[in-house]
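Just the one chain here, laid out as structure tokens, in the form predicted on its own.
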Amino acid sequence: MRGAVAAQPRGNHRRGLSIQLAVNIAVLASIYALIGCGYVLIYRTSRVLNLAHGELMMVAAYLLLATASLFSGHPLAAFAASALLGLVVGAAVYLVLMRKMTGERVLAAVLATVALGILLRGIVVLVWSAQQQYPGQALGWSNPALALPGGARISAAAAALVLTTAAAYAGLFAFLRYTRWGIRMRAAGQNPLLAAQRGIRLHGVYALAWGLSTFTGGLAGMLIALDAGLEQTMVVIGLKAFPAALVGGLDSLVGAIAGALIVAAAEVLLIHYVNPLLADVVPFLVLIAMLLARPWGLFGTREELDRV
């Protein structure tokens, strides 16, 4: 009888730990999925690997600091303004830089994004310095911990991130399926020559894809900044989301969700049960395993392998 009484708290502890791990996986998967859909949007539309996506996400997050002073006491207005600025920045990057890469070799476009990423990191240091910033304090917004059933806890920013990811994907699926510009994006991705012959302005479609990519990445970056602060290491998070997009398939939004769940689960479980130092390594170990077994990803198109 005494043993049964002693075993009960242990069982409750294990159950609570399992729930907390599930919550951690959901939050990390939401981060990777929200960032990863940006990689997918650009690649499936224009067949360009945007290796500056992490830096663009970081810039959009730093824009929250700029809008915080303009919308003091109105955090939602500052958040919305910086998200829209992120969309404008993404479209401007295509129109100013990446448009000139149209018709060039894929490698030239990829190297252009690498150079862009280095440039953006330098600009961020010059404008905002390399010190860690806290947009939440500038906005006067606290980040309380929320209690969940089973004893698990989640911060308000992390909960908002999970909900934002769900809303962003629902919006993207509806946009691509039911709106005129969404159908144009799908057509441009499937056959750009035929789309151009049918009167679709490819440059406008590509600019929109870059804008939406930076918009969704900026949402992730701003919520991460509200949860854990803002510094240049945020670029690493953007880089770790790239394997999630590749694991799911670079031309599939559904694949981005699946890849994010797989990578996040592997990372959280190995951090907890093996070693926290594996955090930055796990996504790329999962990527290597997927490339060996199914190089085009879980939901990717097999014919896209050569392009990747």
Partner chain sequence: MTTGAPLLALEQVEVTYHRVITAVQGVTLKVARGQIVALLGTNGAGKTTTLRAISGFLGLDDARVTEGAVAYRGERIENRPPHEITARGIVLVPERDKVFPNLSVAENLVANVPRGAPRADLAYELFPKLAELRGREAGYLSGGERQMLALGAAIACGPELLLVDELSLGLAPVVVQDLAKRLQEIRDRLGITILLVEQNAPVALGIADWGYVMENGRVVLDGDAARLGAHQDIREFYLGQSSGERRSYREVKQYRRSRRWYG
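All values reported here derive from a predicted model rather than from experimental measurement. Residue numbers count along the first chain shown, from 1.
Beyond what is shown, the protein has a form predicted together with the partner chain; the following relates to that form.
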Legend entry - in the predicted bound form, the residue from Ile200, Leu172, Ala92, Leu84 that sits within 4.5 Å of the partner chain by heavy atoms: Ile200
Inset, instruction - Heavy atom within 4.5 Å of the partner chain in the predicted bound form: which of Ala187, Val110, Ala77, Ala138 fits that? Just give me the one. - result: Ala187
Legend entry - Site test, Ile183, Leu193 and Ala196 vs the partner chain in the predicted bound form, non-hydrogen atom cutoff 4.5 Å: yes
Legend entry - Heavy atom contact within 4.5 Å of the partner chain in the predicted bound form, the stretch among 215 to 223, 174 to 182, 157 to 165, 68 to 76: 174 to 182
